[in-house]
Ligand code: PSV
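First, one chain by itself in structure tokens, the form predicted alone.
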Amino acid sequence: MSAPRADQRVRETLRNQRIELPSWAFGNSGTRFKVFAQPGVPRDPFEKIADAAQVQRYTGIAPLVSLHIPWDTVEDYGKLAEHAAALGVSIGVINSNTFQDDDYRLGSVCHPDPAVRRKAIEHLKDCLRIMAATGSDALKLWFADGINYPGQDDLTDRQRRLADALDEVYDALTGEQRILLEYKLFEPAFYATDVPDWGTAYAHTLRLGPKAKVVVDTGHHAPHTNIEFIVAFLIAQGKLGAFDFNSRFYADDDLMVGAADPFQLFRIMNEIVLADAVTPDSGIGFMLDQCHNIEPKIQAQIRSVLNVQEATAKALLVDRDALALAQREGDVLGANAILMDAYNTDVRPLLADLRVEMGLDPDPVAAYRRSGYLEKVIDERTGGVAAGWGA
């Protein structure tokens, strides 16, 4: 089986793609009912970064690690950044957490009590200081704020509270720091979520200014939502800041990227390629938020990286000139066939060849499994408390 032909531009784009890993994906995780333990998981942020470095070692395109605060709290963030650099990776986005303290039962920045709102805002400002210490340039905000019952709180006033909090954090940004605002249709709020959709996130970031952009989590939409339309719109408006890539089948998310609908992932990456926004100079972050509990941690992250890479390669192989001509001529079937030809191309040989060119093993999962790394850390990581959701 030979690799599909691809010009040097396609190969260079794939070589320069960057995918960011979530630190929390390497700890124990679970459902809303239970966190399930696995052997050899990290006990602290330093060990999480060591595991993330394994993904970079075998894929070559995953050199960034997102932190989650307070799950990844350490005494010396500069030391953590140095540790990452020594392992060939660096600290990426800082993720805030305003959803686990008891005080946040009725919300955080949208809470009816100003004292709780102040606590949440100060946490966000602490995250800005951590960004400065680690070299991160982005603060990702996901608020679990919302209400469960009609009449529980004033919907309009909650939006005002949200805007006030965002204003204060935005005004505290320094240098190249920016805000990435994430949305989610529902959960844990079941009647009204305060940032439920891309339109709400877009409106708030538009009002804030150029240092605020929207995060598209691919698992955070109603069934059958046309996510690639959202992506195309936000790119056109200069407001797409990042992705959280994962999959979902029903109401929950965080499954491996492309597991539920690989064609959807291709359609999304098609819009990214069309906008020439694959590589880091586009300013769009490609982050994973895949962190479920039954798959081996490092292997699952490698698989998600490969799935994004494969979807990108297929999108890069679309014959853009032929597609544009078919679209101008109103050739409905012809245009669709051109897109489907690219999607149906087996790009695995191309990517295997590219990895060899980069000095990597052509099969990253197999190479990792042969490495003995998991067996090594199982032996080494005895004692202490394994990291997991909430730690």
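Please read these numbers as outputs of a predicted model, since none were measured by experiment. One-based numbering along the sequence shown.
Form predicted in complex with the ligand: not shown, discussed below.
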Report yes if any heavy atom of residue 142 sits within 4.5 Å of a heavy atom of the ligand in the predicted complex; otherwise report no.
yes
Wondering, does residue 217 line up within 4.5 Å of the ligand in the predicted complex on heavy atoms?
yes
Is there a heavy atom of residue 182 no more than 4.5 Å from a heavy atom of the ligand in the predicted complex?
yes
In the predicted complex, does residue 24 come within 4.5 Å of the ligand, counting heavy atoms only?
yes
Identify, from the list 153, 289, 310, 194, the residue with a heavy atom within 4.5 Å of the ligand in the predicted complex.
289
By the heavy atom within 4.5 Å rule, which residue out of 205, 270, 134, 95 makes contact with the ligand in the predicted complex?
95
Three-residue site 68, 71 and 244 fully in contact with the ligand in the predicted complex at 4.5 Å by heavy atom
yes
Looking at 233-241, 272-280, 155-163, 134-142, which stretch has residues with any non-hydrogen atom within 4.5 Å of the ligand in the predicted complex?
134-142
